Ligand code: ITT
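Presented below, as structure tokens, is a lone chain in the form predicted on its own.
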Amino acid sequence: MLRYVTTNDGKVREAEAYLEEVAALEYDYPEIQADSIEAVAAEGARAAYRHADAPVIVDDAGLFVDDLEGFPGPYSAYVEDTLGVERVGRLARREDATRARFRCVVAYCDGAAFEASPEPVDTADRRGQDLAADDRASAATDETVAGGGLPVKLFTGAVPGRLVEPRGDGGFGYDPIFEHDGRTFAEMSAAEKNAVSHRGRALSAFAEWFQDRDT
């Protein structure tokens, strides 16, 4: 059974659309301070694997505003908690910086060296580096990240959009101010959002690799 480290039932339901056997694991892993979501997710996956002693996935995601040099990016949760979603949206619109994208990284760790993966295991310390191009919408990274003796495989997803006045009653976080293809994420049903979301794209890429690895 694959463990998804989250307390968000919506994330688990989204993962179930791509994975046959996945269950939530409630574990408050230590979140490192880093300037990339890749590094945060990778270290979280290592800690969760040590805790569970079973295959795990951890995701980290953020809102990246193109004209604000990617802010808030890896600090999205902190900024949401301190400023609030509506103030972030007002700030971006005031600066005429409405082009944005959601990005997500899914990190997988099972204690093995990924012999089934066609990519080599990378043993470099990449903490604090951005491993994936923002425009790579739905693909595994071309390297495996390793550190502390535990290899971690990363899969990325991104969806472009723009920041608008809040609309819609669904979703969570920045969803009400993030518009994609004419509607905010908060105006979409769960199924509609999952079909285009950054997390769905990352999960899809992971599921394709994981199925090949598991057979």
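Rigid core: the largest C-alpha set superposing within 1.5 Å between the two forms. This structure is a prediction, so every number in the text was calculated from the model and none was measured. One-based numbering along the sequence shown.
What follows is about the form predicted in complex with this ligand, which we do not show.
Looking in the model of the complex, is this ligand within 4.5 angstroms of a heavy atom from every one of T98, H180 and R183?
No, none of T98, H180 and R183 comes within 4.5 Å of this ligand in the model of the complex.
Counting only non-hydrogen atoms and a 4.5 angstroms cut-off, does K193 reach this ligand in the model of the complex?
The answer is yes: K193 has a heavy atom within 4.5 Å of this ligand.
Is G173 a contact residue for this ligand in the model of the complex, using a 4.5 Å heavy atom cut-off?
Contact with this ligand, yes.
Wondering, does Q211 line up within 4.5 Å of this ligand in the model of the complex on heavy atoms?
No, Q211 sits far enough from this ligand in the model of the complex that none of its heavy atoms falls within 4.5 Å.
Are any of the heavy atoms in F102 no more than 4.5 Å from a heavy atom of this ligand in the model of the complex?
Yes, F102 is a contact residue.
Which of these residues, A77, L83, A113, L91, gets a heavy atom within 4.5 Å of this ligand in the model of the complex?
After the contact test, the surviving option is A77.
D35, E31, E187, D66: which sits within 4.5 Å of this ligand in the model of the complex by any heavy atom?
Selected option: E31.
With the partner left out here, which residues of 185-200 have a non-hydrogen atom within 4.5 Å of this ligand in the model of the complex?
K193, H198, R199, in sequence order.
Kindly check if the Cα atom of A15 is displaced 2 angstroms or more between this form and the one not shown relative to the superposed rigid core.
Shift at A15: 2 Å or more after core fit.
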